[in-house]
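First, one chain by itself in structure tokens, the form predicted on its own.
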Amino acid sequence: MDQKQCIEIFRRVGIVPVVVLEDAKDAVRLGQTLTAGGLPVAEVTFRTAAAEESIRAMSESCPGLLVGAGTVLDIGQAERAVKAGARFIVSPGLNRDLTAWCLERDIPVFPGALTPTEISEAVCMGLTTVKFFPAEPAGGLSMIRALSAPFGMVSFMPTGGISPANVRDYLKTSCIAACGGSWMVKSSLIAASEWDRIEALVREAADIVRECRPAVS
């Protein structure tokens, strides 16, 4: 899967669940729940000890799930994530070495870019989609719209502060590839094994995507 194909999947799914797993034993059940609920993508944040094994478990046991690693800070983490089965990499900022490493290996990568300078650097590296993080604290949709004026070739993946209260506005905006969200996969729900509740929230999120993007769905 190349960068373009990954972006197409993101656009179709609309909302990418951002997952924090403290225990790898929950990974497979969560992957199955995401798939059943209609959001077959998981960005597993690489900031817990269980992240690597969780990615491996999801990748091996959930063939219909697109599994990637988020909060990747350096090449070492990216190598571990990819070896575990991650099919895309998301980083909170624009690390040129990390981004180049991924591009050289045809690994879809989505670095964070908040400023015109960072977006320019991403474009110069050949990217057309960047993460916008933290979205709401950084100005939200109004900031993204302002940035998209000079960068009409770029689409954004806002993450941070996205919720059912504002996600519709983001999804209806043409320069938004997808939104990253965690409200349907809260760590507290996972720890309590509230799988039915998680699936219900995932289904509600998938319904919002269909409502906002009927042509894509």
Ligand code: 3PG
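When you see a residue number, it is the position in the sequence shown, counting from 1. What you see is a predicted model, and the numbers here were worked out from it, not measured in a lab.
Not pictured, yet referred to below: the form predicted together with 3-phosphoglyceric acid.
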Task: Which of 34-42, 147-155, 177-185, 55-63 sits within 4.5 Å of 3-phosphoglyceric acid in the predicted complex, heavy atom basis - done: 177-185
- [ ] Answer with one of Val18, Val202, Val209, Leu21: the residue that has a non-hydrogen atom within 4.5 Å of 3-phosphoglyceric acid in the predicted complex.
- [x] Val18
Task: Distance check, Phe88 to 3-phosphoglyceric acid in the predicted complex, heavy atom within 4.5 Å - done: no
TODO: Mark Val167 yes when one of its heavy atoms lies within 4.5 Å of a heavy atom of 3-phosphoglyceric acid in the predicted complex, and no otherwise.
DONE: no
TODO: State yes or no: in the predicted complex, is some non-hydrogen atom of Ile162 no more than 4.5 angstroms from a non-hydrogen atom of 3-phosphoglyceric acid?
DONE: yes
TODO: May I ask you to check whether Lys172 falls inside a 4.5 Å heavy atom distance of 3-phosphoglyceric acid in the predicted complex?
DONE: no
Task: Within 110-133, the residues that have a heavy atom no more than 4.5 Å from 3-phosphoglyceric acid in the predicted complex - done: Lys131, Phe133
